[in-house]
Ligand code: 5AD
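Below, in structure tokens: the form predicted alone, a single chain.
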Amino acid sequence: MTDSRATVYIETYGCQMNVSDTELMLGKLAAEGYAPVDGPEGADVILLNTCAIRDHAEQRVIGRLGELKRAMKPGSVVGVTGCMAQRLGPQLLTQASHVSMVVGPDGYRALPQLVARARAGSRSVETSFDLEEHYEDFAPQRLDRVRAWIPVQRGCDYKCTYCIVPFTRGPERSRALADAVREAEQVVADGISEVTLLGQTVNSYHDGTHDFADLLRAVGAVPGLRRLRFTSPHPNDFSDRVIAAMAEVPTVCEHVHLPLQSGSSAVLKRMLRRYTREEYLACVARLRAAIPGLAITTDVIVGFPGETEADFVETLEVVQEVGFDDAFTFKFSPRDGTPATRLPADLTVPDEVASERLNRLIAVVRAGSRQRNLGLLGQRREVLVEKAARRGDLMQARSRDFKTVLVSGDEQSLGRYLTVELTGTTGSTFTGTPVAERQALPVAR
């Protein structure tokens, strides 16, 4: 057991899977006597849990490492974990002399030993893959008092040509259904009533016996669970069984994040997305036919090598046809080692062209979202109060269909379910007036 006064600070970048991994690391170090703190100043152990999906994310981490070097107290140690650690490995020790640990996503079981070595003056790299690792014996230290992330799948087998994830998180593997159900039961016992199942292509889940439809039905039936979400699915893996489970399990929320990436079949082929424009639209139609009122959000990349103006216009057409409730939009970011970097140089889209397309795409997404949201005014939604809003006198809540609604309240309202009337919108978020209230389970402390 380490010194009970030792402290750890973890700064998290990237996706919900990284947030979940941070919770696992905090839980593992807490079991060894480390106390978490809210900032790096004075912390004995400082970890940056990183993302490698885009170059910008990595540059932010490099800059942050420089800042932390100036903020470190004598005797404190710094480590880099996550996807950037997996991708760069020993290079990080060379680039940043004050970094003592580089730990990939499958190396967190060894974290206490690696920290102990770092505090003794050694430097370590742990970036091997473990295809059996699901951290089942870890007790996560939840960062959110209202919602819980539950990983059910690690790694990815799709290998889209632009994506670094298969290289940083390894091959796809799914945890046992019974283990996911057990974690959901513990979450509810701790007072949390909303769960999000996590996986790189979560709806391709299969533990050897059970598929994703079985998982939705089993976790969705956990007593006391009020809401069940999942992210991120792949359009190819929405089988009839999965869609039926989504429609029939009352706890499954009426929202799906369905990455598009491009509306051009030619670009999708170069991306190796394994579906066409028409097949994506057919998937949307099947989902909406089964689940009335389904909200759909998405991811879109512009400027992928070879994307022509006509290809981009096709993307705009799909965005308008589907009527996404929101979209995460990005310029293509080449990642070393991915097949996209080996495409012919003459396919490169100039940055100024990609930037102009991104701005046009954002304008179309926002205009469509605003128009749809204005049409929702006066409707009622059940919302779960999640956290304080940026305005101190309001709380941020979320509807089942993933609308952000600002309501009056204070910290005492965290974890409450309210029925609200949507009374105003900025175009992206709503204000809501409570018309009824139901108490959630006691909020985890």
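In this text, residue numbers run from 1 along the sequence as written. For clarity, every value in this text was computed on a predicted model and none was experimentally measured.
Beyond the structure shown, there is the form predicted in complex with 5'-deoxyadenosine, which is absent from this document and is the topic of what follows.
5'-deoxyadenosine in the predicted bound form: contacting segment from 116-124, 244-252, 326-334, 206-214, heavy atom within 4.5 Å: Answer to the contact question: 326-334.
Heavy atom of I301 within 4.5 Å of 5'-deoxyadenosine in the predicted bound form: So I301 counts as contacting 5'-deoxyadenosine.
Contact test in the predicted bound form: Y162 vs 5'-deoxyadenosine, heavy atoms, 4.5 Å: The answer is yes: Y162 has a heavy atom within 4.5 Å of 5'-deoxyadenosine.
Contact label in the predicted bound form: Q261 to 5'-deoxyadenosine, heavy atom within 4.5 Å: Within the cut-off, so yes.
Partner proximity in the predicted bound form: I53 to 5'-deoxyadenosine, non-hydrogen atom cutoff 4.5 Å: Within the cut-off, so yes.
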